[in-house]
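Okay, here we've got a single chain as structure tokens, the form predicted alone, with questions on binding and movement later.
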């Protein structure tokens, strides 16, 4: 079955399940328990703000996946998951935040009842949503099973986007353009940063036309001045000031799919050093996009950009991009490949990355980024349509 409010077709969910099962077989897994809410949604369509309690998806070699979680969220599962209701399970509220019992005891009973008490079960050990206590309890309840680290097993299956997914990402990109336009038009000296962020969030949730906006996996990052020398600061109630740069790291979101976009505004006259860095950054992005071709590697993008920075005498370290798509807080990245010099992931058509070669200098920051699609032929396609430059408002 596929409920009318499921985001994708049944064929799309079957495709995802087939890819996951092939990866499970390659890893020698008899079952898989997925806790990452992005992976849960990708496999089942489940969509709710319930990832603060224990929940997950059981994938076995045959049949529909099983969504398992809190009883009150099971009802949301019936509204959003494509599976039969018999495969959407809920545990009682007496398990929630209890010091006496733990939800993993309930999960273990379901696994035992399905014959997995002495089998190899994959779990996402390197994941925000699978706690040390959860693993300890599940291990104790399944003493004859072998719990195998299957971190990112599903994430890697999400790397190449389907046409249905790309349609959602393109809608998110249009919202990103609108959000960034709002940020840059509203930015001015004296405007309180929280008021600006309120407008940004309003634009993102309003969306574009009939394409409504969802909440992004990361809140607006909008630091100014010295705060912009750091990567992940948010906002405060201070007014924007003359002679300061502010970068905006934002994303539109459509049905959990993202298209991150970063731009920088300077209120006043930027220094010669900033202008030179802008020149280097824009040239590096252009060269990086040339390298972002099917058959090349993620490191080729990074090395192309770093080669330009070296010519300008600018030092930079760290990765400069990651795959994006469907995600929940606290991150819109998929946590698989990286655009960095040591990563040799081969680029394939349908991959979507946030190419993010930001520069954080001693007294200012400069973020100019693109969400890019690897195409069948030619260079990568930037999915947003926003001007690529340092914006100056004198």
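Numbering follows the first chain given and starts at 1. This structure is a prediction, so every number in the text was calculated from the model and none was measured.
Not pictured, yet referred to below: the form predicted together with a further copy of the same chain.
Taking the partner from the other structure, a further copy of the same chain in the predicted bound form has no heavy atom within 4.5 Å of any heavy atom of residue 345. In the predicted bound form, a further copy of the same chain lies farther than 4.5 Å from every heavy atom of residue 87.
Residue 242 falls outside the set of residues with a heavy atom inside 4.5 Å of a further copy of the same chain in the predicted bound form. Proximity of residue 105 to a further copy of the same chain in the predicted bound form: non-hydrogen atoms within 4.5 Å are absent; the residue sits far from the partner. You can rule out all but one of 282 to 290, 257 to 265, 307 to 315, 121 to 129: in the predicted bound form, only 121 to 129 has residues with a heavy atom within 4.5 Å of a further copy of the same chain. Scanning 229, 162, 182, 303 against a further copy of the same chain in the predicted bound form with a 4.5 Å heavy atom cut-off leaves one residue, 229. 93 is the sole member of 188, 273, 146, 93 with a non-hydrogen atom lying within 4.5 angstroms of a further copy of the same chain in the predicted bound form. Although the partner is absent from the chain shown here, 47, 51 and 72 each have a heavy atom within 4.5 Å of a further copy of the same chain in the predicted bound form. Taking a further copy of the same chain as positioned in the predicted bound form, the residues of 209 to 238 that bring a heavy atom within 4.5 Å of it are, in sequence order, 209, 210, 212, 213, 214, 215, 217, 218, 219, 221, 226, 227, 229, 230, 231, 232, 233, 234, 235, 236, 237.
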